[in-house]
Structures are given as C-alpha cells and as structure tokens.
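The chain below stands alone, shown as structure tokens; this is the form predicted alone.
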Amino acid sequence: MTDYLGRRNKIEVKNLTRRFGDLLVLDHINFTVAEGEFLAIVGPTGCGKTTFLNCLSKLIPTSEGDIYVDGEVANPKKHNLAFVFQEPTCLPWRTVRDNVAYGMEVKHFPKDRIEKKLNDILNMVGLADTANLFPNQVSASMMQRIAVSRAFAVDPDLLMMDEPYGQLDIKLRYYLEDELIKLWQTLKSTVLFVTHNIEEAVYVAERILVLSNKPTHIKAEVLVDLPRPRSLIDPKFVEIRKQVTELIRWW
C-alpha cells in the first residue's frame, strides 16, 4: 500500500483499543503512516491523545489491537520508536553533546557513526556552540531542542512527539517548528506529532487526523497540501485551519 505521494506504508495501526476498567478511551483506531510522512494528530481536550501515544510507543499495553512497523508487530528491542515528551528530558549530568548522543549509545551505534551524526545534527539545530555546556546552563527552548535532536539522531522507525513546544512562547514555537521541519526534510524520518494547537498542526503536517471525544476514534482525515515554507495568512492555510477547528468541536 502507498499514500497519495506514492510512498509505501511504514506504520500500520490496527484496531488500537485501550480500556481502563470499564472506561473505553481508545475505540478500535485504524490508520497508516507512510515512510517519511509528517502526520499530526489533534482532538478535543481529554480525548486521550497522550494515552494514544503511550500505546503506540509501547509505554503502556493496548487492550486490543497493535502497531506494526514494516509489517511486524512493533518491538522496542528491534525497532527504533523514539519519543519526545511535553517536558524536557535532558540528563542533568551529561553535556548537551552527550545528551544528544545518549540514544545512539543505547542503540550501540558505532563510534564513528555517532560522531558524524552528532556533528551534523548539532550544526543543523544550532547547538554546536553550546555542545559542552550542561542542561542547567542552557535555556528551556534549548533543552527541548536537545530532546528533539536526540530523538532524530537514532534514525527512528517512528518518531512520536507529544506537544513538544506547548510550554514555549509563540515566537520560540515558530522558530523551533521551522527547525523541526528542516530536520524532518533532511533526515527523512517518519513523524507522528500530537498537538492541541490546530494552527501548529496545519503549519507542520502533511496530513492531520482529527480524533473524536471519548470513546476516541478517528473522526476525519485532512490533507494539508500546502507549499513550504507556509504562510499563516495564506487563504488556503486559513481555510484548512477553519475546517479542522470545525471538526474538533465538542458539539
């Protein structure tokens, strides 16, 4: 199976269901993600977006259904499932450079590959000059940049991002979103980006899945066929943002 651009499907989610006792949170969710696609997930507050990502990343088990990578059930011991959380997750005793390298070390990348990846990514995201500083010596935006860089560095089969810029001000968010798009375009990773910010979803994604209120299912799929860099005042951008906003309403 391929997507509208002819890319093969990398990720397949089949009948993903999660219950907590008698509470049905995720209700038989099905979708695919193409290789190298940037897919955004939006939905009303409390619909279970974080639970959804936790199931996909294998941090918590599903009640039914599963996620498949290249046709195989996702296995964190075999597949690279990278996760960027809402809060920065830097290791305080490691430098910026060593934090970005951490995932590659855990995956036992060869030293020469680690060095090349480090140099490329640190330069790409503007962290080369702060590479030898510790997390308490850099800003909050830099700490989140470290987390994003660390996730991209392991060449993930699927990179999941849970509102990574939600704590930052608007100016920083736009700057880091542009940086994220540059990383994605250069490294060709497959990204699943969860956000409550509809404008952000339209700005970064190629396709948006809109979740319903609980019990959560996919309410709609919206293709974001816009050139990059994107303009917030482009009439088509405004039209897509309005379409997603209407879909996400509670009533």
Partner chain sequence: MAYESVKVEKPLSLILLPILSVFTFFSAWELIVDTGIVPSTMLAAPSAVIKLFLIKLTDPNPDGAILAAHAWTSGKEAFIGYLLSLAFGLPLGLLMGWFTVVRGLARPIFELIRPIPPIAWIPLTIFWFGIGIEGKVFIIWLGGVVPCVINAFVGVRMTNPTLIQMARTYGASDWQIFVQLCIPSALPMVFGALQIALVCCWVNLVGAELLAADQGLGYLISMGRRLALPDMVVLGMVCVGFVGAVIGYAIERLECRLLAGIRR
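Numbering follows the first chain given and starts at 1. Fair warning: this is a prediction, and the values are worked out from it, not measured in the lab.
In what follows, reference is made to the form predicted in complex with the partner chain, a form of this protein that is not presented.
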Query raised in the report: Taking heavy atoms and a 4.5 Å cut-off, does residue 136 contact the partner chain in the model of the complex?
Result: yes
Query raised in the report: How about residue 59: is it within 4.5 Å of the partner chain in the model of the complex, going by heavy atoms?
Result: yes
Requested in this report: Mark residue 76 yes when one of its heavy atoms lies within 4.5 Å of a heavy atom of the partner chain in the model of the complex, and no otherwise.
Outcome: yes
Query raised in the report: Using heavy atoms and a 4.5 Å limit, would one call residue 150 a contact residue for the partner chain in the model of the complex?
Result: yes
**Report entry** Interface stretch in the model of the complex with the partner chain - options 51-59, 180-188, 214-222, 66-74, non-hydrogen atom within 4.5 Å
**Finding:** 51-59
Query raised in the report: Between the options 81, 161, 122, 96, which residue brings a heavy atom to within 4.5 Å of the partner chain in the model of the complex?
Result: 81
Query raised in the report: Among 89, 107 and 154, does every residue place a heavy atom within 4.5 Å of the partner chain in the model of the complex?
Result: yes
